[in-house]
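In structure tokens, the next block holds one chain alone, the form predicted alone.
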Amino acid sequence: MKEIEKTLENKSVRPTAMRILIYKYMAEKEIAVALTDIENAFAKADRTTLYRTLKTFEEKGIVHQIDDGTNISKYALCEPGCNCEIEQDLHLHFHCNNCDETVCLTEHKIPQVNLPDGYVAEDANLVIKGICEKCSGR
């Protein structure tokens, strides 16, 4: 718990009990989670508190949002040292069409794309869809 508190404080986020619990929950998951997943895990918590916590985490670079094409925003913890900078921190995501899970493939970075003059990249999102290793049996 002390490590989580330190991580939050290093990102200028006050480590409240709920924030620590949500961070711990996300750290224990190996997949990206939706707000509804967090709501189900913390059924007695206020939905607004959970949403605001995710948004605070996103604004402070603790989590990143993933658009995996399901029309449901998912969130995953950022890697240590990540600043969510488009030039160096973007990685692939994989969405399984069978189990509907989305995972970060942080070891596979999205290469920098040189845009024409006058174009400014604000975000990049690369999601590969297929069958994950659990569902393929490999």
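What you see is a predicted model, and the numbers here were worked out from it, not measured in a lab. Throughout, we count residues from 1 along the sequence that is shown. What we label the rigid core is the largest C-alpha set whose atoms superpose within 1.5 Å from one form to the other.
Here the subject shifts to the form predicted in complex with another copy of the chain, a form of this protein not shown in this document.
At a distance threshold of 4.5 angstroms between non-hydrogen atoms, residue 131 is in contact with another copy of the chain in the model of the complex. Contact annotation: residue 69 falls within 4.5 Å of another copy of the chain in the model of the complex, judged by heavy atom distances. Under a 4.5 angstroms non-hydrogen atom cutoff, another copy of the chain in the model of the complex lacks residue 9 among its neighbouring residues. Within this chain, residue 113 lines the site of another copy of the chain in the model of the complex, having a heavy atom no more than 4.5 Å away. Only one of the listed residues (26, 78, 50, 103) places a non-hydrogen atom within 4.5 angstroms of another copy of the chain in the model of the complex, and that residue is 103.
Note on the partner interface in the model of the complex: the residue among 41, 99, 92, 34 having a heavy atom within 4.5 angstroms of another copy of the chain is 92. Contact annotation for 118-135: residues with any non-hydrogen atom within 4.5 angstroms of another copy of the chain in the model of the complex are 118, 119, 120, 121, 122, 123, 124, 125, 126, 127, 128, 129, 130, 131, 132, 133, listed in sequence order. Positional change of residue 121 between this form and the one not shown reaches 2 Å or more at the C-alpha, relative to the superposed core.
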